[in-house]
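Only one chain is given next, in structure tokens, and it is the form predicted alone.
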Amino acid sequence: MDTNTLTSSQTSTRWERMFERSTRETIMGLVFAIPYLVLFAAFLLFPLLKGLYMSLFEWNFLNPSESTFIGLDNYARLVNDPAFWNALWNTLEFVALTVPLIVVVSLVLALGLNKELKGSRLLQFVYFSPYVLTVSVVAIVWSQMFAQSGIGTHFLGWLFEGSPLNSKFWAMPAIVITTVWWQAGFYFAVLLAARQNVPERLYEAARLDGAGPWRMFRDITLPHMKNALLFVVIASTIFQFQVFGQPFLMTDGGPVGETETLVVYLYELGFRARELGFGAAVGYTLLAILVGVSILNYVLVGTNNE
């Protein structure tokens, strides 16, 4: 056997081994991915497609086989439904009040506890601990705080008469305060980690140049924390659009629908009025809003990376 034949045979054997190894790795990858794909299909993809299907029908709750196909009529009804627009407005109001407060509070806490001070570890635990509570516990605690004889009502009673949860003007701010107290700890942890990654030598150089606290915050801290702040803004915005537990448990959407958000409205349609088709249309409208926010996220992050 000549040299060329041996070289060709060795090359062929090497490629065969690489192909077998690649095939084996691909198969192993698919095997490990199958459990997730099954759960994804069962609990996300199927409900998503089923909801879209139901939104095109006047759905019969007791006998789905007798549901009537009505095309886009549920979406047309949505446009002319005052309750939907009231819920959308309440949701936008909640997002507009909650997101800026969460960003400011979590940023102030992160900057305040950035340095190694006595008791800072304990304060970090205290600030983060509300986030581990369930929404039911949070809603019960703050419902008691804002009850007629609650501590919150006692100290803020000069702003309103009785409980703020029964006030058309103060019910939404009370839910906003509850949400900020509950969730700011998580975003505080994110921003604290981002702040601790800013090199201290930049601040030392700025002090040598005579820069004050505000200029260091504007020219060093904010630019280096930009990605973390973007994450906090986008993630909290998406999360707040889906608010349900706080208004449902604290006010049940009242008084007079002043705290009825889109998800509370969807729940009312689906589980109390049994209008599952119309409720599915509301759900898909909310999904479209969240997709728009996600696209905004992509545009902002992409621009930032450039």
Partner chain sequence: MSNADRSESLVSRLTDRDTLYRLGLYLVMYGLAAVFFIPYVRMFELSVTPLSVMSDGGFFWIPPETTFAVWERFLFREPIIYRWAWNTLLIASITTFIVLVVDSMIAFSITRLEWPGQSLVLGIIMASFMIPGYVNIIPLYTVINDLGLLNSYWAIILPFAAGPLGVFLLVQFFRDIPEELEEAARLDGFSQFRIYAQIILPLSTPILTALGLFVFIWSWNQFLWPLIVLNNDQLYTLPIGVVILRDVNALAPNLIMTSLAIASLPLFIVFLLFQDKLISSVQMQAGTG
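Note that the rigid core is defined as the largest set of C-alphas that superpose within 1.5 Å between two forms. Numbering follows the first chain given and starts at 1. Treat the numbers as computed from the prediction; the structure is a model and nothing was measured.
Beyond the structure shown, there is the form predicted in complex with its partner chain, which is absent from this document and is the topic of what follows.
K.L.:
Heavy atoms within 4.5 Å of its partner chain in the predicted complex: which of the stretches 217 to 225, 90 to 98, 166 to 174, 132 to 140 has them?
P.N.:
Among the listed stretches, the partner-contacting one is 132 to 140.
K.L.:
Is residue 78 close enough to touch its partner chain in the predicted complex, meaning at least one heavy atom pair within 4.5 Å?
P.N.:
Residue 78: no contact with its partner chain in the predicted complex.
K.L.:
Residue-level contact is defined here as any heavy atom of the residue lying within 4.5 Å of its partner chain in the predicted complex; does residue 253 satisfy this criterion?
P.N.:
No.
K.L.:
Considering only heavy atoms, tell me if residue 108 and its partner chain come within 4.5 Å of each other in the predicted complex.
P.N.:
Residue 108 belongs to the contact set for its partner chain.
K.L.:
Does the 4.5 Å heavy atom contact test between residue 26 and its partner chain in the predicted complex come out positive?
P.N.:
Residue-level check for residue 26: yes, a contact with its partner chain.
K.L.:
Within 4.5 Å of its partner chain in the predicted complex, which residues of 39 to 57 have a heavy atom? Give them in sequence order, or say none.
P.N.:
The stretch touches the partner through 39, 40, 42, 43, 44, 45, 46, 47, 48, 50, 51, 54.
K.L.:
Superposing on the rigid core, is the CA of residue 18 displaced by 2 Å or more between the shown form and the other one?
P.N.:
It does, since the residue 18 C-alpha is displaced 2 Å or more between the shown form and the other one after the core fit.
K.L.:
Superposing on the rigid core, I want to see if residue 256 changes position between the shown form and the other one - specifically a Cα shift of 2 Å or more.
P.N.:
Result for residue 256: no, shift under 2 Å.
K.L.:
For a quick test of reading the superposition: does residue 69 move by 2 Å or more at the CA between the shown form and the other one, rigid core aligned?
P.N.:
False for residue 69: its C-alpha shift is below 2 Å.
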